[in-house]
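First, one chain by itself in structure tokens, the form predicted on its own.
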């Protein structure tokens, strides 16, 4: 393990001699094919765009930069819908005694099934995107939902969740305590806690959510192949609790086996629980505490998913902690494309990976880290913009007014 602290505020841990761990069977290609089949049965489903930023790549001196734009997912402006729909469908299937492989999304809307599930209540905690997705999925199926948000949450995101059909509240606790509150509420009312993080005794539903996320990765690989790229050399994955990053990385580990692309896990510096776990280096997940203040609201999580942490531990090449300006930088770069590159509207949590890529390839202060990550003219980089402007007011402050300027500006 090698720790690198840069003068830019960016910190990294490199694990260059890592041995692969046990491959997660539930994220295998066979299982993911089943997940994609279910998602394809949802009205309005289509693969989200994979954008090749040719001019940006040329300007930064690499071969390719791909960005998967999840702002188009189910009209929810974020990626979370693939996880929520699949997990809620699995919960309902268990209740009805049917198998997910034998049903479509419309099956749950039939009058006979609707009558059986109409009183089911799904409860969750969220920084915004996951709660909106749970509310939307529950409402689509005629069920109820209750959503708790941590203190300081955006009122706009709260309203989006209410508009999607949920009973929703902003609490006076941080994200991890809001998760505990949601779980307690579900137990009290006989509802179902649908959380995208796992802890001891609560793993099945988070694993289903992770399976749902793999549709994104499988689409991306199909799309890179259409562009003549068999696989990327580098993958940047942002992490909150690590469910998205772990699910995507677990799937890629199954697909590429011993030739896994260099995968970098990216987090906000004040909520870097995956980075912290890698730093302690005892193989166990470790939390960070406090208010977890960051503009990257979707990544403001202090306690790692205990299941997906194992995949991040075993298969990631590097873990990087980023100040908020890195995400803001990514938002501005994506909003102001070079030449005929396509504009991408990306929110704070969506843009941090691309922001980091541009800094690594431009700034002399980051050259050592760039070289350790083996970034060069042959690199084919894949990033995931996991959300659009889910808080339009904040988006404008950053992109229009220069909020969170880069350290060197």
Ligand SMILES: Cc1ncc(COP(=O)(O)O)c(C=O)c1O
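As the structure is a prediction and not an experimental result, all values here were calculated from the model. Numbering follows the first chain given and starts at 1.
Below: the form predicted together with this ligand, not depicted.
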Among 7-15, 397-405, 384-392, 20-28, mark the stretch whose residues have heavy atoms within 4.5 Å of this ligand in the predicted complex.
384-392
Please tell me whether any heavy atom belonging to residue 134 falls inside 4.5 Å of a heavy atom of this ligand, as the geometry stands in the predicted complex.
no
Does at least one non-hydrogen atom of residue 214 fall within 4.5 angstroms of this ligand in the predicted complex?
no
Contact test in the predicted complex: residue 241 vs this ligand, heavy atoms, 4.5 Å
yes
Closest heavy atom of residue 298 to this ligand in the predicted complex, within 4.5 Å or not?
yes
Contact residue in the predicted complex, chosen from 252, 86, 79, 311 - any heavy atom within 4.5 Å of this ligand
79
